[in-house]
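Single chain ahead, by itself, as structure tokens, in the form predicted on its own.
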């Protein structure tokens, strides 16, 4: 327990597989606990080194997928710093400690009849679990996924398992169509039966700004934000972002507590 009523659950799993996926890695972890039940869009604070205090801070990683029947948690990690580089070198049989699940996930009740997923780069990681959750409700989602190049694409095959279809965009045309992923929304105003009921998004700020400028007036958008986090539980305030209150006055929210998923119209994108 942390200050006051703040609580979190700690778990430890066994790494089953560590598989390269483009320039990222897929870690499948067996978690033997009936209490561990994440929601799509939530994240974990993962301990880097179980045998040392260096690196000291846990790393926030989205739940990329969770097979509840098998008890297998999937993380997808792009090694960008010392902590994530250490995690992707772990061998099968290693024990992975973490606490969570944390944060607010995607509102599945807002999906409607024809939700779309739009993901850029490593932002595709948490969308696998979202696509699974929607499929388990009998809702087949259309998925648009993009990256700068083919090697930067994440979780495409996993997304295909749970999506009605997956459309790929790369800026250098090394996979799918050439262009940024938001190019897939160009004809949206002409659609009738296939028009999305809602967009679920995760990706870089530039992608979210394009969504804000092009579709936000006509389609609800729920976005999972990427932010640097230290504590992951709302105590340090290091992940605060600007938000709009119902009255229009500016305010702040913590990505780790009030997010990471927000209605995009409430977020002030920097």
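Everything quoted here is computed from the prediction, not taken from an experiment. Positions refer to the first chain, counted from 1.
Beyond what is shown, the protein has a form predicted together with a small molecule; the following relates to that form.
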**Message:** Looking at 73, 77, 144, 159 here, can you tell me which has any non-hydrogen atom within 4.5 angstroms of the small molecule in the predicted complex?
**Reply:** 77
**Asked** Taking the small molecule in the predicted complex as the reference, which of 95, 195, 137, 82 has a non-hydrogen atom within 4.5 Å?
**Response** 82
**Prompt:** How about residue 26: is it within 4.5 Å of the small molecule in the predicted complex, going by heavy atoms?
**Reply:** no
**Request:** Please run the contact check for residue 225 against the small molecule in the predicted complex: heavy atoms, 4.5 angstroms, yes or no?
**Result:** yes
**Message:** in the predicted complex, is there a heavy atom of the small molecule that lies within 4.5 Å of any heavy atom of residue 38, even though the partner is absent here?
**Reply:** no
**Message:** If we define contact as a non-hydrogen atom of the residue within 4.5 angstroms of the partner, is residue 166 a contact of the small molecule in the predicted complex?
**Reply:** no
**Prompt:** So which of 107-115, 174-182, 145-153, 120-128 is the stretch with heavy atoms within 4.5 Å of the small molecule in the predicted complex?
**Reply:** 120-128
